[in-house]
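First comes one chain, alone, set out as structure tokens in the form predicted on its own.
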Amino acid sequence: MSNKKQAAQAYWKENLKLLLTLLVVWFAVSYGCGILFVDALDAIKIGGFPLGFWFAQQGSIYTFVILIFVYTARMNTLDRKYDVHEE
């Protein structure tokens, strides 16, 4: 197997690992905090609102935006590591 093909496979493997990690975070925040653990989180109040409600309405959105920035930064690093970045 050529070095170029091995590098492409390693790049893709790291990309998938990053995607799966971010999807797990996304699932935990949106489904876990917004639905599964809402009763436990509602015991905590932020600005007068229960934390479970806050995660369902605002926290999930903030988390998704943060995940986009994390994905962009990590992919730029990964692109430079495997020399597939754009100038």
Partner chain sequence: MDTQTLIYIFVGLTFALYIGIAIWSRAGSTSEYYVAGGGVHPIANGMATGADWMSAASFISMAGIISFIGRDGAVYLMGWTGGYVLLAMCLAPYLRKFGKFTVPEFIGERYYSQAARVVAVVCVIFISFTYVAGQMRGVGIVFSRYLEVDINAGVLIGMAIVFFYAVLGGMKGITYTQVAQYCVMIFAYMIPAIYISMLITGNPIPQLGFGGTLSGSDTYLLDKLNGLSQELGFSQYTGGSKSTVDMFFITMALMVGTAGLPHVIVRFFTVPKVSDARKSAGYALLFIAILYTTAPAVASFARVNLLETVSEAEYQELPDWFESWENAGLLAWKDKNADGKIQYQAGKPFEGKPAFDSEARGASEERLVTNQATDNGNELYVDRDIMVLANPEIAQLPGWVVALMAAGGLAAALSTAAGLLLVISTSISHDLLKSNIMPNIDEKKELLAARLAAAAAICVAGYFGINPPGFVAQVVAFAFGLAASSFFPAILMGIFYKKMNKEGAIAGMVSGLVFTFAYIIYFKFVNPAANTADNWFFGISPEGIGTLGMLLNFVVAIAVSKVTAPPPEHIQHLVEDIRVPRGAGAPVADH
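Note that the coordinates shown come from a computational prediction; the quantities given were computed from them, not determined experimentally. Numbering follows the first chain given and starts at 1.
What comes next is about the form predicted together with its partner chain, which is not displayed.
Contact annotation for residue 68: at least one heavy atom lies within 4.5 Å of its partner chain in the model of the complex.
In the model of the complex, its partner chain lies farther than 4.5 Å from every heavy atom of residue 81.
Its partner chain is not shown here, and in the model of the complex it never comes within 4.5 Å of any heavy atom of residue 44. In the model of the complex, its partner chain sits beyond 4.5 Å of every heavy atom of residue 10. Residues are counted as partner-facing when one of their heavy atoms sits within 4.5 Å of its partner chain in the model of the complex; in 2 to 20 these are 5, 11, 12, 15, 16, 19, in sequence order.
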